[in-house]
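This document starts with one chain, in the form predicted on its own, laid out as structure tokens.
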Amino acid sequence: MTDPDMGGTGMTLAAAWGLLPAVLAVGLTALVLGVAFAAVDSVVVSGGRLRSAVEPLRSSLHWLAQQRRTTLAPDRLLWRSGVIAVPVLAVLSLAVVPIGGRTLLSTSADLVWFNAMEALLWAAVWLVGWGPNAVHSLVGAYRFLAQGLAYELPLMFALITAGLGAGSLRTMDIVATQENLWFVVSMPVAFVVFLASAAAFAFWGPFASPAGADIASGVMSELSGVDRLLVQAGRAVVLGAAAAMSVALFLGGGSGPGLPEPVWYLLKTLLVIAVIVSVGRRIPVTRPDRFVEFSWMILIPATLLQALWVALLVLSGFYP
């Protein structure tokens, strides 16, 4: 295995470019992915009107100029901590996603890092709902916790399945193992569950009940101004980062004929974003208790069977 601090495919962005340029590259990538997801989502919601792609920009400018809302006796420290943590954790999840064939960080357990950032996001959203000391935001936070019980295990099993196929928890090793055959071919269940779990982490689409209209936008109900912009941006970056990570785990990274690796990686990521939005916006919002039941009765057994199938393929020498 190539040392992450040495030359070759294992070299990190920080080692190749320097720490500050590498961090800026990851931050810029997060911004691009978040804007791309928000733009595609806006176009789909508007019924295909391309000019709606600029609506996220208009909303962002509106929130920047909007006065920050206050509530009676809020826990400002927890509230602000949660608001700031949502976009920060979303960006940090990109640290182990290949950018230009390299990652910002390269550990022996990149998948654990990615899953940890998503799990911490769970706590951050809870703080966003708890901090305002308001009924609707607190109900939304509890709904988010209920969803977390449902999607965390399937997401973990999906990540483990990709690592099992590669025999490594490093994203670059997983990409290299797919040189001849993408993992989505032998791990379709893990691929779908991974994307669905990411949407649930961002409480978006069919998993938007924590911010549902029936509870006056739930965890988002007391957010305004810059606070709302940060949380909305964090949600978009989470989904964009998940799309980029799915390309590394299941779609062969930047491999493809004719075009440079970064171009292929970007095209695949944009395609995954388009699929997420197109499918997610056509599925009605699911009640948290129904999703919990479906996850424990269907998704967890399905992901376990998928992992067992991949384990048998590994034992048979299917993967290089």
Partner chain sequence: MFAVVSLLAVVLAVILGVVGASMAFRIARQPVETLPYESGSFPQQHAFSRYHVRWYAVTLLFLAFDMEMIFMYPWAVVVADMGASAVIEMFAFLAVLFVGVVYVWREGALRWS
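The shown structure was predicted, so the numbers you read here are calculated from the model rather than taken from an experiment. Residue numbers count along the first chain shown, from 1.
If you look for the form predicted in complex with its partner chain, you will not find it shown, but the lines that follow are about it.
- The single contact residue among 189, 124, 156, 176, judged by any heavy atom lying within 4.5 Å of its partner chain in the predicted complex, is 156.
- Note on the interface: of 268-276, 255-263, 59-67, 32-40, the segment with non-hydrogen atoms within 4.5 angstroms of its partner chain in the predicted complex is 59-67.
- When its partner chain is considered in the predicted complex, residue 182 lies well away from it, no heavy atom lying within 4.5 Å.
- For residue 21, no non-hydrogen atom is located within 4.5 Å of its partner chain in the predicted complex, even though that partner is not displayed.
- Taking the partner from elsewhere, residue 136 is found to have a heavy atom lying within 4.5 Å of its partner chain in the predicted complex.
- In the predicted complex, no heavy atom of residue 101 sits within 4.5 Å of its partner chain.
- Residues are counted as partner-facing when one of their heavy atoms sits within 4.5 Å of its partner chain in the predicted complex; in 97-113 these are 104, 105, 111, 112, 113, in sequence order.
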